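Quick heads-up: the structure tokens below are two forms of one chain, split into structure 1 and structure 2.
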Structure 1
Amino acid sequence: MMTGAEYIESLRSLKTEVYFMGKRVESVVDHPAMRPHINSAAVTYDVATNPETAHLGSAVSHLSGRTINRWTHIPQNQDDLVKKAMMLRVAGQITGTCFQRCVGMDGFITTYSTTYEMDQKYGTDYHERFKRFLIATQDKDFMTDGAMTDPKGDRSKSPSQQHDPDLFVRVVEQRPDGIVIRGAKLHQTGAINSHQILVMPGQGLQPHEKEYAVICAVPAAAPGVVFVFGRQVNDSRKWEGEIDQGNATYGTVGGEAMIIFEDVFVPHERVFMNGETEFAAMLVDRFASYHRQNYGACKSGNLDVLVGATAALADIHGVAKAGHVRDKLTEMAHLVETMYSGALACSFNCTHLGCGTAFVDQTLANVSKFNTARYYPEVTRLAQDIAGGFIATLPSEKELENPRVAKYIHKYYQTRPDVPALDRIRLGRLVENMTGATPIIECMHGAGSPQAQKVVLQRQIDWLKRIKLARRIAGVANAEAPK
């Protein structure tokens, strides 16, 4: 197994073709837009090798018997699935953001069982091929991008109905020694810092769409593989400074790229599906279940950080004891634990597939992801509500070096004599980093925070009149009575 530092070093020798902001990136490791994401991915290596977390982050390969990083492991039992969830929460607490390696992990798990079932039906040898590939990956401890999402074109049409047949990755040539693929995959988290790419179909296919039924592994630096790194919210702050980033070490979300396959050749030993259209839906279905298992875990880890930042700010602002603040903080924690409950429930309540792999409860995994997607925005909304409007209007960190105004920043952003303004500013930037959305904050806190309206309402409503109405109708003897 590699450590995080070794992983980062290993990327230096990868000669990938990466573009960002219109230019070729010479070294992803040294590019300020990419380094934080790489640091975050490196945490998956540290969690496996750090003695405090190795019981979660590492596993014994059922194929080789060797100790491996759990992000390359095929879960064999309930314990493996539960540890997968627990590991993700811990990693999420360390990084406060996405660490990108799960899509590869779930690609492995799913390809493993899908190749098994294809072989059962067709007598192919995809499963053995894949095992060899997987053992090598486990031993080299490679970070792998699980590449599933195609451009998709018109969503009301299937792959073969699109105006451009390349809108889904497809095999454009069958050769004696391998295949040639063309197309693109979008939104590829962690792609620019992966050693290899596991290409998979992204949706069910019809029998005549054989060219789209392809699973294969491609080295990240293979000829014809081109990465275009996407823009993220506030990405320019990464090369402008540090404090304004909010999470300068690990970044924001995952660092997504578009991957273009310009007629890339893949030798047979790295091809794990080639035309078996009826297995595409099974692959996607299973992949989705394993991947949805994760969200209740990694996001609850991330949101633990947000809960902490919000609680810290409430304290710094002097409102930590206000009833509505306590209630909202508890609501945040409640929603976070609801997410985690879902991840645990679908993990514990597992079954086994034909090849022996432990499989999450599909219904509960989908329920869990749906709740995570539903409550994540709500938790961020509550954080913004408590943290206050200042997170949307903070001055640049450059002003701290501006002799004309620096003293005023320190003076006017301080709330308590025992807490430096900079603590508050840094925590505010972290909340901004994790919740984004200046427009939402402006609408929320402009003209007074929501609680201000509630306070006015409470004062404006004629409660006594309403009590009298009720007492009269209820037949209480003295409708005029107290309160």
Structure 2
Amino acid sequence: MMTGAEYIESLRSLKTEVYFMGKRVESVVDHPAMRPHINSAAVTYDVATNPETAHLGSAVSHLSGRTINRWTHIPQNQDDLVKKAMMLRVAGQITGTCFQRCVGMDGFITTYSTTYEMDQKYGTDYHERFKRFLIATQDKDFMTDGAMTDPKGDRSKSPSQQHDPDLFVRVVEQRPDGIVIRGAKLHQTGAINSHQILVMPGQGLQPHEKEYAVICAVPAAAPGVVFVFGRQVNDSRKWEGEIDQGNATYGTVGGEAMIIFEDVFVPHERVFMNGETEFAAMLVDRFASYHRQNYGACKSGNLDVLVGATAALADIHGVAKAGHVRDKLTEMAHLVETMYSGALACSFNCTHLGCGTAFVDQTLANVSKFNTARYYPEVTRLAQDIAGGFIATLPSEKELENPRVAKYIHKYYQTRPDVPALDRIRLGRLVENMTGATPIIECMHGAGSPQAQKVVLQRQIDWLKRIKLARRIAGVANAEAPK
């Protein structure tokens, strides 16, 4: 396994084609807009190698028997799923933001079970191919971008009905030695600092849409792979200073990018689905469940940091003992623990798939993500309420070096003689960073919007069983509910 420092150094040898602000980026490691996100991803390596957290961040591969990073592991039992959730909360507490490696991890888990079932039905060798690829990934400890979200075009139309067939990644050529893919994936967290990309379909497909049914692995620096790094609110602060960023070490959310596949060749040994349309929906459904498990854990870890920053500011402001402040802080903590309990519950209440992989409880995983999308904004609202309005009007950190006004900033932003004004400013910027638009949007739509969870819950809940329970207890003569 690599350490975080070794991971960062490994990125220097990648010759990826990355663009930002109209220019090609020569080194993602050294670019101020990207380095914080890279530091955050490096935490996934340190959690696995640090003796204090290695029991959560590492695992024993069921394929090789070697100790590996848990972010490349296929969960075999309840303990694996529980430790996955616990690991995510710890990483969230360390970074206070997204650490980017979860989509690739969940892509591994779902591709593993999907290839097994395709082989069972068709006698293909996708599963063996994928196992060889996964072992190599585990041994090299590569970070993998799980690429699932297509541009989609007109949402009312299927991939084959779009005005442009490239709005969903598709196979444009079948060769004796592999395939050629074309299209794009959007909103790709951690893409520019991944070693490789696992391309997956993003929705169910019709039988005639075989060219869109593709799972394959592509090196990040493969010819024809182009990255366009996205902008975030206030991202120019990354190259303007340190304090104003709020979270200068680890950044805001995950540094998302567009990935363009410009007729990229993929050899057969890296192809794990090629036309099996009936398995696309199953893959997406399973992936969504594993990924929604994560949100109750990683976001609770992030919000542990926000609760701490808010409590610290309340103390600095002299209101920590006020009854309404204590009540709001307690409410924040309650909501955070409720989110985390969902991640643990769906992990404990697991089952096993045919390939032996432990599978989270789908209903509880979706409840966990739905609660997270609902409670995260409320926790941020309470943080802003308690922290106060000074966060929205703080002067630039450059004024701290302005000889004309610096002494006044230190003078008038100080609340108590024993607490420097700079402490208050730093904590205020952290709260601003964690409660802004970008984190809330990512929490809302990452792993699917709340409506997606409602759709799954409507399908998963046994409504008839509940009606029968009520009719029996109420003494309704016919306990069988009408259809």
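In this text, rigid core is short for the largest set of C-alphas that superpose within 1.5 Å between two forms. The structure displayed is predicted, hence computed values, not measured ones. Residue numbering: sequential along structure 1, first residue numbered 1.
In this comparison the chain labelled structure 2 is the form predicted on its own, and the other chain is not.
Shown in the overlay between structures 1 and 2, fitted on the rigid core, is a CA shift at Ile473 of 2 Å or greater. In this overlay on the rigid core, Leu464 has a C-alpha that sits 2 Å or more away from its partner position between structures 1 and 2.
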